[in-house]
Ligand code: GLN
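Just one chain follows, in the form predicted on its own, and it is written as structure tokens.
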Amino acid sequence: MSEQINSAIRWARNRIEACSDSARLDAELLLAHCLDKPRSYLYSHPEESLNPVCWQQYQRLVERRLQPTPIAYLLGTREFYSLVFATREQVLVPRPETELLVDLALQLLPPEQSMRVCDLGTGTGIIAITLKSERPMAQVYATDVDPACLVLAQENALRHAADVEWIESDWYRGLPRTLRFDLIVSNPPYIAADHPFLDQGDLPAEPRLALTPGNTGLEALQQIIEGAQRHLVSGGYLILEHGYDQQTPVADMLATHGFSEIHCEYDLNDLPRTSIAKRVEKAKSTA
């Protein structure tokens, strides 16, 4: 007897509960993917029988979810800021909290002005592409040290017809020295290398380089802050996503390197997530 949609979902949900807090949703997303149908189809056809090929594909995906493998890798896509982006296992899965960074950036980018923006460590390209989609007049640059990330980011840019300048670079090192930006944004790795969080949930399946920069978790943030003054115009802004417990050290580093108007915005979970600061010219000595 063939497996029906409703019983297949029950089977998968019971299996996935061991590794996911959203087992029912995961089960539905995977089955909709196998059927190439929207999730609503599952509710309108609960007793429809699955063909053997679809049922076998579904079972394989559920077993991969248990490894665990993030849903975004299994589906091959992830939604961010109402746009759909391709995802792969060599790139960090886009997070909804990063939408806060995009919101803050858009507030600093008037629609009618051609301002220059750089997204450092772009990964799938979600930040750069979303900013270009929302602010077509902006000149958007994006960097990543991993060529595989840039390949995926360019594919996503084509998907959304976003004209972004992609540069292979370890933070600022590959940028032209004379290039200056009105805004620099980044969601860098910021988890300490020995933090137990790295062994929880789906994180073991994601690229470690995209999650942790070193022993303290502040190494990448420090490099970005230290180099930002040389690549921002006077009055330009730096926006950084960071850990919920890194607000104070990030603010201290920004102040040490001459930034002003430093403040931190809280995410939807009411956690300090994204810091913003303004570059100011150092006063010239009259002596």
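All residue numbers refer to positions in the sequence shown, first residue = 1. The model shown is predicted, which means the values in this text are computed figures rather than measured ones.
The form predicted together with this ligand exists for this protein as well; it is not shown, and the discussion that follows is about that form.
Would you mind picking the one in Leu83, Ile167, Leu74, Ile191 that has a heavy atom within 4.5 Å of this ligand in the model of the complex?
Only one listed residue qualifies here, and that residue is Ile191.
Ok, Asn156, Thr143, Thr130, Asn187: which has a heavy atom sitting within 4.5 Å of this ligand in the model of the complex?
Partner contact (heavy atom, 4.5 Å) among the options: Asn187.
With the partner left out of view, is Arg95 within 4.5 angstroms of this ligand in the model of the complex by any non-hydrogen atom?
The answer is yes: Arg95 has a heavy atom within 4.5 Å of this ligand.
is_contact(Asp26, this ligand) in the model of the complex, heavy atom dist at most 4.5 Å
Flag for Asp26 set to no.
Check Leu175 for me: does it contact this ligand in the model of the complex (non-hydrogen atoms, 4.5 angstroms)?
No, Leu175 is distant from the partner.
Is the gap between Ala210 and this ligand in the model of the complex 4.5 Å or less for some heavy atom pair?
Yes, Ala210 lies within 4.5 Å of this ligand in the model of the complex.
Is it the case in the model of the complex that Glu3, Trp55 and Leu66 each bring at least one heavy atom within 4.5 Å of this ligand?
No: none of Glu3, Trp55 and Leu66 comes within 4.5 Å of this ligand in the model of the complex.
Listed range touching this ligand, judged in the model of the complex by heavy atoms within 4.5 Å, from 177 to 185, 143 to 151, 191 to 199, 157 to 165
It is 191 to 199 that comes within 4.5 Å of the partner.
Even though the chain is shown alone, can you say which residues of 146 to 171 have a heavy atom within 4.5 Å of this ligand in the model of the complex?
The stretch does not touch the partner at all.
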